[in-house]
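We've got the same protein chain twice here, in two forms, each standing alone as structure tokens: structure 1 and structure 2.
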Structure 1
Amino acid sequence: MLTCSDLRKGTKLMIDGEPHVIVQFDFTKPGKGQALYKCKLRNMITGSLFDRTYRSGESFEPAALEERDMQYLYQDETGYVFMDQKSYEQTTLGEEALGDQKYFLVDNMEVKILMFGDRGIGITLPNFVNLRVTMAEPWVKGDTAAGNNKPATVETGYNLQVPSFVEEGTLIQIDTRTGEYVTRVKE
């Protein structure tokens, strides 16, 4: 069983026999009062979203889901197709199941696919992915402050903030968990 201290963004629980994932999470605690855990939950089968608040002391059944190592093959009109590296079985995930993670998929990337029975319902990406910048404003000469940032777009269409010295064509590393720029990649 899980307790409130296990709740965080990404935690998967069974509610009424169906797996749910916490997509937004906040901890609040009024002065001297009890801790409240405010969750936005997504039903991993139907995709429906709802809010629920839990209090310390409550317990939860973890979602009985299996993760399988797969490889990303291609995108077609049905969705994103992955193949089990041992059994060669294929699974397709819809755009809805992937969310922003679709921007971090690279051909042949090894991922973990979350299975509920024989159905793929979610994905775990490698923590870091390298993508090329396709659009960024040019570097303004003399701007050397390390903290300065500017918007950029990478090859998959994903937009993010990068340091001012990153230019078009640069290969950068992105943390797939936060969606944030990590570093320039040496080629």
Structure 2
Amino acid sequence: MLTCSDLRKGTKLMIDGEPHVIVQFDFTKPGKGQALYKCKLRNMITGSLFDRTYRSGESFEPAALEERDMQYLYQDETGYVFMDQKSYEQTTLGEEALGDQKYFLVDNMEVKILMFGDRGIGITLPNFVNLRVTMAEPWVKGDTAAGNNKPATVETGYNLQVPSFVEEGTLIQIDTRTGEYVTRVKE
């Protein structure tokens, strides 16, 4: 069991039989009375957000979640299909479970799937992924009015800002946690 003192941003706990994660946490100790633990929680299955305030002394059931190493195979009309590396079982995640992380999936990429029972509810990507730029406006030498960055699109359809020297066909590294350009990749 978890107590209020165990609550932190990122803590996963069960509420009404469903796993939730704390996305925002604030501790308040008023002059009189019990300490207050204000939490913004996200339902890990539906994605809904809500606020709750807990008082010291309350206890919580930790979320029974498991991470499995899987390989991304392909996307079809049912969703994104992953395969367990050991048992060869396949799990399909819908677009709502992936959010913007879908733009960083590359065939045969190894990821960690967060499982609630037999159901996949989330994904952990590698911190960095290499993707090829498919569209970027050409850079005119001496053009300093536009700044140092320009918009670009990579092979998965993700749009981001890249330095002006990046051209179409360039392989770039993207930080999957922030979605930002990191560096050019030498081939």
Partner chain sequence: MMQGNWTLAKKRTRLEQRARIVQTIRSFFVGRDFLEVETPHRIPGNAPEAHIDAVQSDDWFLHTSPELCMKRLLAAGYPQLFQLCRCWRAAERGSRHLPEFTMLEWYAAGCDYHTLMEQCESLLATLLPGGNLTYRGQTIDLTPPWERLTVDEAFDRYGSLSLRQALDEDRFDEIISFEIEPRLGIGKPTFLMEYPAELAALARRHPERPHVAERFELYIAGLELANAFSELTDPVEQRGRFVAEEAMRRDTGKPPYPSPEKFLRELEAMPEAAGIALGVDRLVMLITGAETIDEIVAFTPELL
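Heads up, when I say rigid core I mean the largest set of C-alphas that superpose within 1.5 Å between the two forms. Throughout, residue numbering runs from 1 along the sequence of structure 1. In this text the structure is predicted, and so the values were computed from the model without any measurement.
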Problem - Of structures 1 and 2, the form predicted in complex with the partner chain - result: 1
Practice task
State the hinge position among E95, V81, R119, E66 for the rotation of one rigid part relative to another between structure 1 and structure 2.
Solution key: E66
Exercise for the section: Work out from C-alpha fits how many degrees the smaller rigid part twists against the larger between structure 1 and structure 2, would you? Expected result: 26
Exercise for the section: May I ask for the C-alpha shift of G31 between structure 1 and structure 2, in Å, based on superposition of the rigid core? Expected result: 15.6
Handout entry: Per-residue Cα shift, D51, between structure 1 and structure 2 [Å; core superposed]
Key = 4.5
